[in-house]
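Just one chain is shown here, as structure tokens, and it is the form predicted on its own.
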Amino acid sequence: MTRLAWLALSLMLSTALVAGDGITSDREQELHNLLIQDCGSCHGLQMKGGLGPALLPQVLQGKNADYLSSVILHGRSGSAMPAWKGLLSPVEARWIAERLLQGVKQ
């Protein structure tokens, strides 16, 4: 992804967060798209695995939203999993983690 594309994505991701811990419905749609497209590019569009491991609820059993949020924000050393803390807030990472635990709806 080009630097300009990253900047545009970063700006888009940061504009719809509302005050407090709430996320607007527009932002939820953006996060859902990010989950399907960006996470799906490594974990598979149906989260069944690819370059990265599967992110299906049965595979994530025993992991909680706090743990998953931390992985999303900070990445995984020694793997292809990047840190998303420059583009996502902790609230947004938690929203994604909760969707993964529930099962991603296309």
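The first residue of the shown sequence is 1; numbering continues from there. Note that the coordinates shown come from a computational prediction; the quantities given were computed from them, not determined experimentally.
We do not show the form predicted in complex with ligand HEC, though everything after this point is about it.
**Q** Check residue 80 for me: does it contact ligand HEC in the predicted bound form (non-hydrogen atoms, 4.5 angstroms)?
**A** The answer is yes: residue 80 has a heavy atom within 4.5 Å of ligand HEC.
**Q** Report yes if any heavy atom of residue 84 sits within 4.5 Å of a heavy atom of ligand HEC in the predicted bound form; otherwise report no.
**A** Output for residue 84 is yes: heavy atoms within 4.5 Å of ligand HEC.
**Q** So, residue 41 and ligand HEC: in the predicted bound form, are they within 4.5 Å at any heavy atom pair?
**A** Judged by the heavy-atom cut-off of 4.5 Å, residue 41 is in contact with ligand HEC in the predicted bound form.
**Q** Given that the partner is absent here, does residue 45 sit within 4.5 Å of ligand HEC in the predicted bound form, heavy atoms only?
**A** Heavy-atom contact with ligand HEC at 4.5 Å: absent for residue 45.
**Q** Scan 49 to 69 and note down the residues that get a heavy atom within 4.5 Å of ligand HEC in the predicted bound form; none is a fine answer too.
**A** The stretch 49 to 69, when checked against ligand HEC in the predicted bound form, contributes 51, 52, 53, 55, 60, 63, 67, 68 at the 4.5 Å heavy-atom cut-off.
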